[in-house]
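Presented below, as structure tokens, is a lone chain in the form predicted alone.
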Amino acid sequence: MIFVFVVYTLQGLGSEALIVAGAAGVFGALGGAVGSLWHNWTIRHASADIARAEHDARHDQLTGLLNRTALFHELDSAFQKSQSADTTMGVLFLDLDRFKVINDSMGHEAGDELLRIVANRLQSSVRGSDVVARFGGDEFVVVCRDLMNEQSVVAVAESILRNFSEPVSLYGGAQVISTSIGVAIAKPDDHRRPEDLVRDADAAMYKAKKARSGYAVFDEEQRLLVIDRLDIERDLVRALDEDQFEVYYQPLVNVDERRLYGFEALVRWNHPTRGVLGPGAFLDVAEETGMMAAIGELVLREACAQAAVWNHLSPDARNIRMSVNIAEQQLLDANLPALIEEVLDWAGLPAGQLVLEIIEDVIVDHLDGLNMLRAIGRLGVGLAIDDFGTGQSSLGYVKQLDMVSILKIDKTFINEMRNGDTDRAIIDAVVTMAKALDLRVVAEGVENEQQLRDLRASGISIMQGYLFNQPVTAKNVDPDSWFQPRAAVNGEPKKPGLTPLEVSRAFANPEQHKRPARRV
């Protein structure tokens, strides 16, 4: 508008062309300058936006460390350089030991702040040329480049552990954080892929965590275990498709009433080349690969159906409890109560005969899911805490578990009963607490007659273990004899009390007791 006004105002002076041309030149130059400035500003800000987007794509927003995607890019580059330069490279995989406890007790904001503190400590513990990345959750990876030997990699792990030994100030309180570190070392002639190094360091980290050793270095033995684990993972998918899993049943015996109390359903894998595998050989892999829920449902259905069949074959079987283990993956499924109700209806099994066993630490880790457990309890299903005494529970936790009806004492306490007074005192305390809360106590892993006598002296009458019988298939359970009370032994009238020999031979094949007691 200013330009047009100047042109029309000067037209009557007779020198329009010159003035207009001059005005046009002045404003044209101004417009060009403005346009140039605008162009430069746009390019500069566009470049900044691109740089910011590229940075965000490579970095973890919470800690500012490299993210998983950028880690593997840097790892690949470092691996190639290490091989060409004839140097050693190390990969450290870290997992915080108590992060979940702090995160759950102090809140997610405290957990986030702790992760930022850990990130800073890691960066201050390594060399400037090393790569530090957040792998996910409370897991971190450090890539150590251009090292002279294996000991140099271990020195980095030890430096990190020293830095982590200092307490941190978190929301006004001092917190001690610790970490478990797995170390994988690549020499110049290493033929592994870069991602294999992370996998191997992860495997070594689990070894360190179990041993509570701070750090562990991946070795040849672990390499074979990893290969075996990958084979198991691959074969598990086929096992589900081809019905290779079978349910075994281990008896629970009421020694005071001299009768069968129930069974615990235990899964076995009829592997086509390895033979019959116990749960220790594959359940951890099933948990990590997400297949545990499918296996758990399979066992639940088979066990409930088998209990219903025994009910039809023997009236005495209707007093028998069928215990089924529930894995963490199943407990995280909000549809679990509906599934249990559907399975009971499908099998035709009364809810009161089913007992679900949940490991103590799983319950403690998921206290926010207690309402779901209460919903299961309202179906009439029994709930048991398995491996009680080995985890994080306390009397305060047990008081919240009003839906639980059974405590199962872990065999580690039973094994040590004769070695000192501590474990015997723990068992006595559990029995006293259980009576006060109207809970039933079951002792598992009973393997000899001395243990039986000690447990009875502590007031425990329901037991399971190799003293009575190992897990057997359903076809080895005789409904005509197993479900009947043992009113007489060898034709003699029932005697007061119970001898250990009568109990140990009541439900087991005597030939089995010639072998040393062993629990799979």
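Residue numbers here begin at 1 and follow the sequence given. Definition used throughout: the rigid core is the maximal C-alpha set that superposes within 1.5 Å between two forms. This structure is a prediction, so every number in the text was calculated from the model and none was measured.
Only in words, not in the display: the form predicted together with a small molecule, which the text now covers.
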| item | value |
| --- | --- |
| Heavy atom within 4.5 Å of the small molecule in the predicted complex - the one residue of I177, L349, A327, V217 that qualifies | A327 |
| Selected contact from I406, V156, V431, V299, since only one has a non-hydrogen atom within 4.5 angstroms of the small molecule in the predicted complex | V299 |
| Close approach of W482 to the small molecule in the predicted complex, 4.5 Å, heavy atom | no |
| In the predicted complex, D200 touching the small molecule (heavy atom, 4.5 Å) | no |
| G137, heavy atom within 4.5 angstroms of the small molecule in the predicted complex | no |
| Contact of L266 with the small molecule in the predicted complex (heavy atom, 4.5 Å) | yes |
| Option from 334-342, 311-319, 266-274, 67-75 whose residues, in the predicted complex, bring a heavy atom within 4.5 Å of the small molecule | 266-274 |
| R238 C-alpha relocation of at least 2 Å between this form and the one not shown, rigid core basis | no |
| Core-superposed C-alpha of R378 shifting 2 Å or more between this form and the one not shown | no |
